[in-house]
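Just one chain follows, in the form predicted alone, and it is written as structure tokens.
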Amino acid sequence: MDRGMVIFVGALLTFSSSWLGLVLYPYWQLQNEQPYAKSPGDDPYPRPLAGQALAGVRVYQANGCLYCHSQQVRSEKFGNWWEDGQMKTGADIKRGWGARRTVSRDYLYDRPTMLGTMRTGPDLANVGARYAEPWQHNHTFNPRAVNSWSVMPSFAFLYAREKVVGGQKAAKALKLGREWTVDPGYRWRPTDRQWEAILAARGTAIRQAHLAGAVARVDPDSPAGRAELLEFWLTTEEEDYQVVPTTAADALVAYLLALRKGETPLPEAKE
């Protein structure tokens, strides 16, 4: 007996039922979902992105951020940890990644919805509520500048190293020590010959600045003192150069600051 037709019909029914259950029914269920306002005079939530934040969506996509970061705060019933000998749940909420789980309404204006596929890095659904703009720029420029253990790549190519003109740095110049800005993307250390030349040119000024803030004064001419002096100097900002964000970096950070999902209470988000 020829079972080809049976196999074809069975496969058609399988794929059709999957499409109906996973695509058509959710679309029908959510197509009329609207922003939420607790009272008539309240601002609705969510609101569509605009300006730099909207442009930042494209930068976020182009640099593959969604491959290492999710944008979904999981239920309090999801995720375990041990405390006082007992296993508890709700790891995302406990970490402060959002005050509640995210629901479909949180993504009403997201095009596309970037839920993510894994969490090599922390969830970003509510990252705008956790860190201010300077931190976001420093972390994007080089994550090791704020977290020494980070495995996130540096996005230094989104920033420009420029010569300071008129002795005044730009308002948006990154506040980072020269160890991160002399060679953007890497943690710079001068060679012995470079350090000798630097000391010969400006050693007195470096020693005075170091001694002014030092608690324990180490002999600057001893090996330990010279090593301490080097570490101090590397943590100070460059005098003649600055690192400033490009338009793309500003847009990306504006988008990250706009990510505040899981913050506004929603009736359907109750556990």
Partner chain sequence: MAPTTPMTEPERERSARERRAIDSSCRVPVLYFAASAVFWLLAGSALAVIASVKLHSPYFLTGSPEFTFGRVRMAHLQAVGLGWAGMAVMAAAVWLMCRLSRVGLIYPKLLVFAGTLWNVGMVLDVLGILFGDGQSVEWLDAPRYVPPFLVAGLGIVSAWTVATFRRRRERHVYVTQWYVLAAVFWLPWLYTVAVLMIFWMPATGVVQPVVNWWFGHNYLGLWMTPVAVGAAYYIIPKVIGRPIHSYYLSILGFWSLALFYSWAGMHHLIGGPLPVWLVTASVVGSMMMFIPVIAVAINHHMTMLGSFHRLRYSPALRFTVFGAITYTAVSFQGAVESLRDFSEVAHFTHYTVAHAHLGAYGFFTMIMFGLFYYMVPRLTGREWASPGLIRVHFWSSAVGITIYFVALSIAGWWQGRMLNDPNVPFANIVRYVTPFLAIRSYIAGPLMTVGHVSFAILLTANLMGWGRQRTGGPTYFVEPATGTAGGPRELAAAGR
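Residue numbers count along the first chain shown, from 1. Take the two forms, superpose them, and find the largest set of C-alpha atoms that agree within 1.5 Å; that set is the rigid core. Values in this document were obtained by computation on a predicted structure and should not be read as measured data.
In what follows, reference is made to the form predicted in complex with the partner chain, a form of this protein that is not presented.
* To do: Determine whether any heavy atom of Leu66 comes within 4.5 Å of a heavy atom of the partner chain in the predicted complex, and answer yes or no.
  => Leu66 belongs to the contact set for the partner chain.
* Asked: Wondering, does Tyr159 line up within 4.5 Å of the partner chain in the predicted complex on heavy atoms?
  -> So Tyr159 does not count as contacting the partner chain.
* **Contact test in the predicted complex: Ala197 vs the partner chain, heavy atoms, 4.5 Å** => Taking the distances in the predicted complex, the answer for Ala197 is no, it never comes within 4.5 Å of the partner chain.
* May I ask you to check whether Val151 falls inside a 4.5 Å heavy atom distance of the partner chain in the predicted complex? => Residue-level check for Val151: yes, a contact with the partner chain.
* **Proximity to the partner chain in the predicted complex (heavy atom, within 4.5 Å), stretch among 189 to 197, 168 to 176, 124 to 132, 94 to 102** => Flagged stretch: 94 to 102.
* Heavy atom within 4.5 Å of the partner chain in the predicted complex - the one residue of Leu30, Ala209, Ala37, Ala227 that qualifies -> Comparing distances to the partner chain in the predicted complex, the residue within 4.5 Å is Leu30.
* Would you give me the residues of 56 to 75 that have any heavy atom within 4.5 Å of the partner chain in the predicted complex, in order from first to last? => Counting only heavy atoms within 4.5 Å of the partner chain in the predicted complex, the contacting residues of 56 to 75 are Arg58, Tyr60, Gln61, Ala62, Asn63, Gly64, Leu66, Tyr67, Cys68, Ser70, Gln72, Arg74.
* Superposing on the rigid core, does the Cα of Ser16 end up 2 Å or more away between the shown form and the other one? -> It does shift by 2 Å or more.
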